[in-house]
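Shown next as structure tokens: one chain only, the form predicted alone.
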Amino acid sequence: MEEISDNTASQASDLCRVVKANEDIKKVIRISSGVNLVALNAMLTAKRSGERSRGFAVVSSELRVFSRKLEGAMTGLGALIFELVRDAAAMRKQHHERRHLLNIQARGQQMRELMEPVLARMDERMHKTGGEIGRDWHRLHIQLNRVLQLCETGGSLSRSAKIEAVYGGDMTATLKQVANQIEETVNEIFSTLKLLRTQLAE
């Protein structure tokens, strides 16, 4: 019984961490929609500069695909965070209910006998919720690693955009500026997610 109590206190304290992570994920979702806009701008700029920046247009198109994948992956991450918040909140509530039942049980022999089966059911529920929280954390870490791998692809695409910008003729300066915007945005997403992974691992 003490083990359940200790685990519960630890899991309840995770709730604050998860809520903070949720805010970071919302921030990344906002930034990733910015990648889509910058990539669209890059495609339009490449189109205006003609045949010389065809490679830049291809990379920009790939970046738009990347940004849609990233938004989908981040939405999935947000859903996992929501499940974790829900399960951690349920565990916290169960912990308070269990404490209340233990106080009632302490009132005497008759109450102890009445409360024993109720507490056994409560411990079973808490054990089940604890298992769900463990699975939530595991799935969250797997998904976060997938998103970070996806961001590495975005980083490669942004570097390719910088290379292709050099061949833009009269539009080289504009294409370089757009390529730099893409790189900054992808780097911001990547660093935010790496920080999030570190915070969740603490």
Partner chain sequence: MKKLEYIYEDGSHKWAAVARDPEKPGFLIDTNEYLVLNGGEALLADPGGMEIFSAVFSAISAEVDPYTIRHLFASHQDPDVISSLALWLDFNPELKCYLSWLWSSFIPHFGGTAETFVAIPDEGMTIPLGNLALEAIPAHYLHSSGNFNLYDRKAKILFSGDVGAALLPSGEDGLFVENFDRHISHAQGFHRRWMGSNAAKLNWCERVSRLDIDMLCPQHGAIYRGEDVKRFIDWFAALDVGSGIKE
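All values reported here derive from a predicted model rather than from experimental measurement. Positions refer to the first chain, counted from 1.
One more form of this protein exists, namely the form predicted in complex with its partner chain; it is left out here, but the text below deals with it.
- [ ] Look up in the predicted complex whether Glu124 has a non-hydrogen atom within 4.5 angstroms of its partner chain, and give yes or no.
- [x] Taking the distances in the predicted complex, the answer for Glu124 is no, it never comes within 4.5 Å of its partner chain.
Task: its partner chain contact in the predicted complex: Gln109, any heavy atom under 4.5 Å - done: Residue-level check for Gln109: no, no contact with its partner chain.
TODO: Could you confirm whether Pro117 comes within 4.5 Å of its partner chain in the predicted complex, counting heavy atoms only?
DONE: Heavy-atom contact with its partner chain at 4.5 Å: present for Pro117.
Open item on the list: Whether Lys128 contacts its partner chain in the predicted complex should be assessed with a 4.5 Å heavy atom distance threshold; does it?
Closed with: Looking in the predicted complex, residue contacts with its partner chain do not include Lys128, since no heavy atom lies within 4.5 Å.
Task: Options 101 to 109, 83 to 91, 128 to 136, 70 to 78; stretch whose heavy atom lies within 4.5 Å of its partner chain in the predicted complex - done: Looking at the other structure, the answer is 101 to 109.
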